[in-house]
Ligand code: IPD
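Below sits a lone chain in structure tokens, taken as the form predicted alone.
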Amino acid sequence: MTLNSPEQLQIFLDVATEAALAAGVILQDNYLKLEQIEEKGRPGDLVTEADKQAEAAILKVLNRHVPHHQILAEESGTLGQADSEYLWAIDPLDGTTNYAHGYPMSAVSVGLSIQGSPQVGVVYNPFRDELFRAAKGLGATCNRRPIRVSQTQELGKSLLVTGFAYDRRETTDNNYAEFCYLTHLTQGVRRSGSASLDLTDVACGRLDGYWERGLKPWDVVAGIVLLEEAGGKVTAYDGSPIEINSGRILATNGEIHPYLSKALGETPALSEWKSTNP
């Protein structure tokens, strides 16, 4: 099998699925039973015993099936062979703050990049029992049924989603201005607290577009594959090719992409926003 053959990608997709489901069981078992919640250095950046146990379950699956691959895990950092062409980006609990508060909007995200390009993605929401799966060229599904992005063509008729980085209290580059501006240009902007679920919601047509900053690869690698395979588009804010390590992403159904990109570029500073009449 060649490096990116459909047969090989299907194998990796099955591995990612096994890992995500194993982690999902742990999240369900620990839900509303947490005994230890810690901050990882920044206010609001939480970690629980569920994060750690779920990550251990994912690593166990990956080490059994793909022991020579490199892994980038939210809690454990970089593991495995540094020169590997394969990099797994895993978030065992995307939406830890939600989870810690008993708000059921969290997911497991398991993505695989090959030679720097996202190729496989699985996102599992154990609270809605929704399993999103995709691999490059193999399409995207939710619970084994094909999914597709929306057909909304106008920014004014779109429903968007975004999020805010943990350092939003310390930096003016905090997405508040964009949130306010686009709330007035669209039919609304939601905030789920889980980047992977934001991407899957765009992928299956519940939402039309998503942007955010301050992200890590484990937040988005899986979701990028899902969205693109569902017919969507993922770029940098300005429409150029995305650089995953930049922390910024613009993801849409494709139809509103240029309009959302333009609006992000034109967003006035928050101090000027009240005088703007878009």
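Note that this is a predicted model, so its numbers are computed, not measured. Just count from 1 along the sequence shown to find any residue number.
The discussion below concerns the form predicted together with ligand IPD, not included here.
Interface residue in the predicted bound form among Y86, F127, F164, F179, criterion: non-hydrogen atom within 4.5 angstroms of ligand IPD: Selected residue: F164.
Option touching ligand IPD, based on a heavy atom within 4.5 Å in the predicted bound form, out of G193, G205, G80, P104: Contact residue from the list: G193.
Stretch in contact, per heavy atom within 4.5 angstroms of ligand IPD in the predicted bound form, of 117-125, 90-98, 180-188, 133-141: It is 90-98 that comes within 4.5 Å of the partner.
Partner contact for V61 in the predicted bound form: ligand IPD, 4.5 angstroms, heavy atom: Heavy-atom contact with ligand IPD at 4.5 Å: absent for V61.
Close approach of V66 to ligand IPD in the predicted bound form, 4.5 Å, heavy atom: V66 lies outside the contact set for ligand IPD.
Interface membership of E229, ligand IPD in the predicted bound form, 4.5 Å heavy atom rule: Although ligand IPD is absent here, E229 would stay clear of it in the predicted bound form, with no heavy atoms inside 4.5 Å.
Contact test in the predicted bound form: A236 vs ligand IPD, heavy atoms, 4.5 Å: Contact with ligand IPD, no.
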